[in-house]
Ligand SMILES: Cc1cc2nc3c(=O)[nH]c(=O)nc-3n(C[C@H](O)[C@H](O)[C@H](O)COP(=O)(O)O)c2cc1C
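One chain comes next, on its own, written as structure tokens: the form predicted alone.
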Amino acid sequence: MKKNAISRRNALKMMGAFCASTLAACTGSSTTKSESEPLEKYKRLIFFFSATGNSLYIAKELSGADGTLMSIPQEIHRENPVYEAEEIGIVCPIYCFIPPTIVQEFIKRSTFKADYIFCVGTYGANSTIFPEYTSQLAKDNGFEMNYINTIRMVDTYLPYYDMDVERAQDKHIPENLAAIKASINSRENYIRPVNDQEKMLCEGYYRMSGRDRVKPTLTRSEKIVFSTDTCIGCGICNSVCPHGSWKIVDGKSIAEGECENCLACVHNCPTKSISIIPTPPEPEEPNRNSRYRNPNVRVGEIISANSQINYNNKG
């Protein structure tokens, strides 16, 4: 070994610290101001939330040459924002058949002004009532969606799915994405219908699980995840968390705070040192050694989109 070489462990710790410091310097406080006037008017403005990169990849693909991407975990800190664009889109994962809590809260506190508004949800197994629920959510908050569709991708919910098995499945993403792109680019008016079987599946799930029907996955991080003995305290878990609900204590990451149950921390940990606490009736992970991030998305992009360092360090 060369005299000045550093270990992989130290390199990862340095990377985590560098990502956090760079993000703090670059983002500043630009998304914390109160907005009573409309923000700059855009051609196509797409808001996204992504834990493992699937929704970020779709958002990037839909943005096109003239599109602008905005992160929901960053934009949610604005007070009463007004967004204007020729077209506005929302891209997010589907959790328990509906939009994640952070996405719902963002929609409720924002005003959207556009000629065409669309939403695309990414899912792995079943999307069921997502289009119907999202359409009603928009109406309840003073606007209407012109287009709502879903696209099947790798299911990243680890208690039920082995990422090695999921990766091996051909879910026809390129052709399905191309069809969605074409529809949005032509401003098609379409909301994917929800059939009776999907409604029954959704109803059965909520009845069996006992989950809240509006915020089914919002919980406390210490009840969901924990770091193992191989944790090196690099801090990437906290940097990718949309609530910033990790802290470093004696060189080890400790989960503490609000949790979206997005599992960004688990999937993006460079040493695979974060595991899920089994919560009956859900099973244990089928493969603790398999993790996932969309191959078209870098971990730095997820950090830039989700990190709460500028908000959790205030005061």
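Note that the coordinates shown come from a computational prediction; the quantities given were computed from them, not determined experimentally. Throughout, we count residues from 1 along the sequence that is shown.
Another form exists, predicted in complex with this ligand; not displayed. Remarks below refer to it.
In the predicted bound form, residue 93 approaches this ligand with a heavy atom inside 4.5 Å.
The shortest heavy atom separation between residue 239 and this ligand in the predicted bound form exceeds 4.5 Å. Among heavy atoms of residue 154, some come within 4.5 Å of this ligand in the predicted bound form.
Contact annotation: residue 54 falls within 4.5 Å of this ligand in the predicted bound form, judged by heavy atom distances. Of the candidate stretches 82-90, 117-125, 67-75, 226-234, only 117-125 has residues whose heavy atoms lie within 4.5 Å of this ligand in the predicted bound form. Highlighted residues 50, 97 and 263: every one comes within 4.5 Å of this ligand in the predicted bound form, counting any heavy atom. In terms of contact with this ligand in the predicted bound form, the residue from 135, 110, 149, 217 that brings a heavy atom within 4.5 Å is 217.
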